[in-house]
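Just the one chain here, the form predicted alone, laid out as structure tokens.
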């Protein structure tokens, strides 16, 4: 399994949105694109999927942009990745056992199911806020100077 650029960029953009939005002031996609060094057009596509999933809301007009639909503590990483990538599974037969005639007796399917469950469990146990705190900590550590 490999997370696509859509999933990776979407997660980075959600962190950016959460860090740079203050109160009810929307964040422009163009600003996120500049900060994250991403294509504005591609971000519009990503934010469309995030909006459809109910994770962000759009404000129209000259001062429009995007806001989080919920608090960062309430948005799991699983919700974000699923909105952008679809249901997480290492192999197709885990999500749809009917595609393989051996699925019911295949022991390797059990392995893939267990690994997929662990990935989903991990992503569901972490929130957008966790990543925001990690990002802020990393930035703070980068600015520290040590003298000998």
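Values in this document were obtained by computation on a predicted structure and should not be read as measured data. Positions refer to the first chain, counted from 1.
The same protein also exists as the form predicted together with another copy of the chain; that form is not shown, yet it is the one meant from here on.
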**Message:** Using a 4.5 Å heavy atom cut-off, which of 50-58, 63-71, 113-121, 22-30 contacts another copy of the chain in the model of the complex?
**Reply:** 113-121
**Request:** Determine whether any heavy atom of residue 129 comes within 4.5 Å of a heavy atom of another copy of the chain in the model of the complex, and answer yes or no.
**Result:** no
**Prompt:** Is residue 39 close enough to touch another copy of the chain in the model of the complex, meaning at least one heavy atom pair within 4.5 Å?
**Reply:** no
**Message:** At 4.5 Å between heavy atoms, is residue 18 in contact with another copy of the chain in the model of the complex?
**Reply:** no
**Asked** Do residue 81 and another copy of the chain come within 4.5 Å of each other in the model of the complex, heavy atoms counted?
**Response** yes
**Contacts with another copy of the chain in the model of the complex - residues in 73-102 whose heavy atoms fall within 4.5 Å** = 77, 81, 85, 87, 88, 89, 90, 91, 92
